[in-house]
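Presented as structure tokens, the chain that follows is alone, the form predicted on its own.
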Amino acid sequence: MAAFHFELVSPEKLLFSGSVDSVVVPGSEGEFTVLAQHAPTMAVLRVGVVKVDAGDGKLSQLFVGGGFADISAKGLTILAEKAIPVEELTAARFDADILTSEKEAASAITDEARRLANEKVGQLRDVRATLGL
């Protein structure tokens, strides 16, 4: 399989940079897989898990709390609002994020802000259940 360059960056640090065979991305319209020579695309991310196949037989998983994916001739770059390796996630961390989003929904001034915060709560609960935390 042809490889391409992938980087995942959060405000805190660079979490991944290297050559990969494929990346499954949690887009706002649904998951999609990026392979070498993918069409140029810009996508909004939802809360979810990025699955990275570096071609070494190991699948890396990184939790993202939203952001953007930019696919270009140079490869894939994900700019995540928040990103954490899945193995570092805990139920307590999810509980804190869910509580924060619930407070954002309760204090939202507009219906759209309330809808987005409630959507994030649902996404966090779904990912937590999927990961068995």
Partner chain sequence: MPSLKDLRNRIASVKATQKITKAMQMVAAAKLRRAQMAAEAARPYAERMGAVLANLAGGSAPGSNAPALLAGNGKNDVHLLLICTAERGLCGAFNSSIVRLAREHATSLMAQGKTVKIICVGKKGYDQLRRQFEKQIIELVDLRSLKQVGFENADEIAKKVITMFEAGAFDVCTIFFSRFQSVIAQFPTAQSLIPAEIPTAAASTGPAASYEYEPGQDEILETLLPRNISIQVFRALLENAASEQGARMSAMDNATRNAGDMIKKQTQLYNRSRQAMITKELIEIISGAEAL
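Positions refer to the first chain, counted from 1. Computed from a prediction, not measured in an experiment: that's the story for all the values here.
The next section is about a form of this same protein that is not shown, the form predicted together with the partner chain.
Asker: Taking any heavy atom pair closer than or equal to 4.5 Å as contact, tell me whether K74 reaches the partner chain in the predicted complex.
Answerer: K74 belongs to the contact set for the partner chain.
Asker: When the contact criterion is heavy atoms within 4.5 Å, does G67 count as touching the partner chain in the predicted complex?
Answerer: So G67 counts as contacting the partner chain.
Asker: Although the partner isn't part of this model, could you tell me whether K13 comes within 4.5 Å of the partner chain in the predicted complex, counting any heavy atom of the residue?
Answerer: Close contact exists here: in the predicted complex, K13 approaches the partner chain to within 4.5 Å, heavy atoms only.
Asker: L62: heavy atom within 4.5 Å of the partner chain in the predicted complex?
Answerer: It does not: once the partner chain is placed as it appears in the predicted complex, L62 has no heavy atom within 4.5 Å of it.
Asker: At 4.5 angstroms, heavy atoms only, are G27, T41 and L79 all close to the partner chain in the predicted complex?
Answerer: Yes, each of G27, T41 and L79 comes within 4.5 Å of the partner chain in the predicted complex.
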